[in-house]
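Only one chain is shown below, in structure tokens, and it's the form predicted on its own.
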């Protein structure tokens, strides 16, 4: 087990009646707020009015940036940073899901520099040492961006989708009310659950010495997703199911499960290239990729980890390790494509082999897959993409 430092300074307000604390939390950081959100869903469910009421009740001045899309674009980051500079914004508030939160983080950073925010991601990899304070009101359980210091931004002009982690991007406070997810569709609930599952799997499968306590915690998180995602899809206003998923999604990527483990991720860099070129839902791309990646990486040297996963997450036992391992992978496939009803191949979402070569090259370059659980070179990534064709 490696040495590590654990520090999560985000204050979480969890539950139905926590928005009353939003105004006072924002006021700690100044008087001028930029509220960032996506489409009209927060207005349809009444959340927009509730948030605005709390902001104005505290005597704060608010500006808005709407229209943030899934796989958030650098254009929205640029516009938000421009507004922050022009209006001398003190604090940035995200109201939405992971895309809105990711965009908000880099708006907050872009507001502090005099260069193009894309320089945070391109070959310049500009220093990112300052950001306006960030708060959020979460509306979708998926990415965990509400309690981590990272985000992913797309550049349609270059077909790039790149992530970055920096301590200054950690939200100061997050408001997690499961009732705000009651109107999330079964499809988006499924995609969000697949995203959470992949977050955990990316850390669970590693070649460091096992940390039993954290492995047990991750297994519990995965069992929670398997149990409650189908319930939330069938009973969208089931508070317990929504609450379980919301808190699980947060802990799947807030740094806690990473303790003592060191390796690069694989499925996320591969998926980033898919959604950069084809703009598919991130969780759906991960669902298609993750079982194939697990199958591709399985060998005699790591089979014990797969057996542990199959036994402790899906209750699969047997004497033949390889058979148990493969049954564990198949159980994941059945969960994602059977219980959650997600599409299972790339052709089903309109993707062919046209861009496999360039996507694989970028996944290795931008994502560091050569340092992952099982090192993946360009040809390995292409092979996994091809496995997703059928």
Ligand code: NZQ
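Being a predicted model, the structure only gives us computed values, none of them experimental. Positions refer to the first chain, counted from 1.
The discussion below concerns the form predicted in complex with the ligand, not included here.
Novice: Counting only non-hydrogen atoms, which stretch in 215 to 223, 304 to 312, 133 to 141, 82 to 90 is within 4.5 Å of the ligand in the predicted bound form?
Specialist: In the other structure, the partner sits against 133 to 141.
Novice: Scan 267, 197, 274, 253 and let me know which has any heavy atom within 4.5 Å of the ligand in the predicted bound form.
Specialist: Partner contact (heavy atom, 4.5 Å) among the options: 253.
Novice: Select from the listed residues 110, 291, 285, 72 the one whose heavy atoms reach within 4.5 Å of the ligand in the predicted bound form.
Specialist: Answer to the contact question: 72.
Novice: If you check in the predicted bound form, is residue 183 within 4.5 Å of the ligand, heavy atoms only?
Specialist: Looking in the predicted bound form, residue contacts with the ligand include residue 183, since a heavy atom lies within 4.5 Å.
Novice: Give a yes or no for residue 40: in the predicted bound form, does one of its heavy atoms lie within 4.5 Å of a heavy atom belonging to the ligand?
Specialist: Contact with the ligand, yes.
Novice: I'd like to check something about residue 248: if you look in the predicted bound form, is any of its heavy atoms closer than or equal to 4.5 Å to a heavy atom of the ligand?
Specialist: Looking in the predicted bound form, residue contacts with the ligand do not include residue 248, since no heavy atom lies within 4.5 Å.
Novice: Do residue 173 and the ligand share at least one heavy atom pair within 4.5 Å in the predicted bound form?
Specialist: Outside the cut-off, so no.
Novice: May I ask whether 230, 329 and 374 all come within 4.5 angstroms of the ligand in the predicted bound form, judged by heavy atoms?
Specialist: Looking in the predicted bound form, the three residues 230, 329 and 374 all stay beyond 4.5 Å of the ligand (heavy atoms).
Novice: May I ask you to list the residues of 132 to 159 that have any heavy atom within 4.5 angstroms of the ligand in the predicted bound form, in sequence order?
Specialist: Stretch hits, in order: 139, 140, 142, 143, 145, 148, 150, 151, 152.
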